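The form predicted alone is given below as one chain in structure tokens.
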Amino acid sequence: MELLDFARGPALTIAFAIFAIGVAWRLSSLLFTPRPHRRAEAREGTPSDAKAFVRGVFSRFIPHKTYRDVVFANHLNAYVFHIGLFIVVFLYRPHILFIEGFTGLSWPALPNTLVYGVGLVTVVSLGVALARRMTNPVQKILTTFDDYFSWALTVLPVLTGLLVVNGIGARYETLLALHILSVCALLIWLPFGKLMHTFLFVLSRGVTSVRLSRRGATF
């Protein structure tokens, strides 16, 4: 019980504090950093920055037709584990109750057995993503420690959660403590690694789209 008390007490409190401060710091450093003055006028017929921003965010959800056949399987797998992670985190009843305890917000949950199935599919999908990263020549060259470490910290909470609900490997209290500690590790790392794209992908896509649009690029 000492490990569990530590995990859901000091460890979780410290992890949430680092997560909140880290995310706020990363976002503020981007949003409030002075931008260079635009010296060139936008090309004639260029859409407004707002329109280009929104178009850039949503157009990237579907791969460009030139590369669609090549990246389709990889793109589909990415959707599988991203949607799976969302369902496991936000639509599992115990997680909703946990969030409600902190924020007072609540919403309907999916059946537990369905979430367990989604969790298993998510782990398999993440495994497929890792295997492709390790075998695809281009991805292998571009992969850094951050990619592998972020992958491990993403899959561990899902995997330990499945072990908890099935009682595999150790006592329930020990498994629950390990599950919570894996979540703590993920929260601490998220603001400082590539997992920060959880918050930055909208800004990244939108700003890139505005810049390309002003130069006359179409997509």
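Start at 1 and count along the sequence shown; that's the residue number. Everything numeric here is computed off the predicted structure, so don't read it as measured data.
Just so you know, the form predicted in complex with a small molecule exists too; it's not on screen, but the next bit is about it.
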Listed residue (52, 178, 165, 188) with a non-hydrogen atom within 4.5 angstroms of the small molecule in the predicted bound form: 165
Contact between residue 25 and the small molecule in the predicted bound form at 4.5 Å, heavy atoms? no
How about residue 109: is it within 4.5 Å of the small molecule in the predicted bound form, going by heavy atoms? no
Mark residue 8 yes when one of its heavy atoms lies within 4.5 Å of a heavy atom of the small molecule in the predicted bound form, and no otherwise. yes
Using a 4.5 angstroms cut-off on non-hydrogen atoms, would residue 211 count as touching the small molecule in the predicted bound form? no
